[in-house]
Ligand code: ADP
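Listed next as structure tokens is one chain, alone, in the form predicted alone.
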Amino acid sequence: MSEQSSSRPLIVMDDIVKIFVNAAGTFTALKGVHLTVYEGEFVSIVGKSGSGKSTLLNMLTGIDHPTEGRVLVDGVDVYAMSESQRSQWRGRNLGIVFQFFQLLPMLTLHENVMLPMDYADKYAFDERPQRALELLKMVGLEKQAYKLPLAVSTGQQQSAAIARALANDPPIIVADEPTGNLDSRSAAYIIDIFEELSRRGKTIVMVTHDPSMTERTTRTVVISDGELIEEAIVLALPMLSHPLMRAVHDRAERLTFNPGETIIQQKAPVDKFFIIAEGRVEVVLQVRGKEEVIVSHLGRGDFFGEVELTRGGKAIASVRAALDAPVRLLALSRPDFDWLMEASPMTAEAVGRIVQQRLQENRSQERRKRPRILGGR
């Protein structure tokens, strides 16, 4: 995800723990999850079966209760309400799309879409039929409006479920495996609808098992064994499998540098691979004695240190925290970096291409006759 400077936090999940208790004992499904979703984002939540995806979604929708922690939606504490208050709140603020559609089989598509309006009593009675037709038209089902769910295809049923989720014009759409039972063509059409809704300002949170779906969302959140993987790892190393992402998450050292503080000194040994988790850094090349030229700025999800670790030798440039804010980094030791490159040849190949690109950038800067001088440095 890009830095959220203009969007406001719409969903805040603060230290969410969920423990299930049954005859076999206790099972911790969510282990202190922190997640913020910003207004207008299209977020995919991915992870293997049993990782906690659907449990996380149930915490957001108010369908289930967290054992610990708070869920705030547009500033409202979801679990400070009574069950009846939460049900009314859900009907007005969330549109939920289920994997198995959950359309009532004895009602037409048109009647299914009107149902949430009847329940929440949000629109005038005589406005509801026309609004339902407009929503069905938006998802391409105006000609099927008066058919029963079983009389249309599975893709059309899911489209109708999306229209129903939009019935009360909620700011948030929550979808649990919405393409899981669809063919590739129908699945692509459903994601087309979600993309259009996102462009119109809706905030969409979608659980999916299909990695190809994440390519069309604005942000991907990976969950593993009830914990969220640092999103910077997902951005920096997208070719890693989820188990390898989890391994990097567990092995990484967390470091923080103050504004302007040096992280790597040019010509000094480098023994770590750094991923930027928050903030920005400047890559600075020293030329002509004490003069400096900024080679590049790097932000969240970018990495550095790979040139020296893959090619040996000392730092080809200095790296320092930008002046506007602290920078938080994830750091892998040299042995862990070597292990990662061996464990993921595709990642090693991608890193190798970046090494060549950055070496070329540095050579180009060194050849310039008039480097940009930093005043006061």
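Here the structure is a predicted model, which is why all the values come from computation and not from measurement. So that there is no doubt, residue numbering starts at 1 and follows the sequence shown.
The next section is about a form of this same protein that is not shown, the form predicted in complex with the ligand.
Enquirer: Counting only non-hydrogen atoms, choose the one of 26-34, 309-317, 344-352, 331-339 that falls within 4.5 Å of the ligand in the predicted bound form.
Expert: The contacting stretch is 26-34.
Enquirer: Decide yes or no: are Phe194, Thr214 and Thr218 jointly within 4.5 Å of the ligand in the predicted bound form, with each residue judged by its heavy atoms?
Expert: Per the other structure, none of Phe194, Thr214 and Thr218 touch the ligand.
Enquirer: My question is simply whether Ser54 lines the interface with the ligand in the predicted bound form - judged by any non-hydrogen atom within 4.5 Å.
Expert: Ser54: contacts the ligand in the predicted bound form.
Enquirer: Could you tell me if Arg70 has a non-hydrogen atom within 4.5 Å of the ligand in the predicted bound form?
Expert: Looking in the predicted bound form, residue contacts with the ligand do not include Arg70, since no heavy atom lies within 4.5 Å.
Enquirer: Is any part of 183-201 within 4.5 angstroms of the ligand in the predicted bound form by a non-hydrogen atom, and which residues would that be?
Expert: The stretch does not touch the partner at all.
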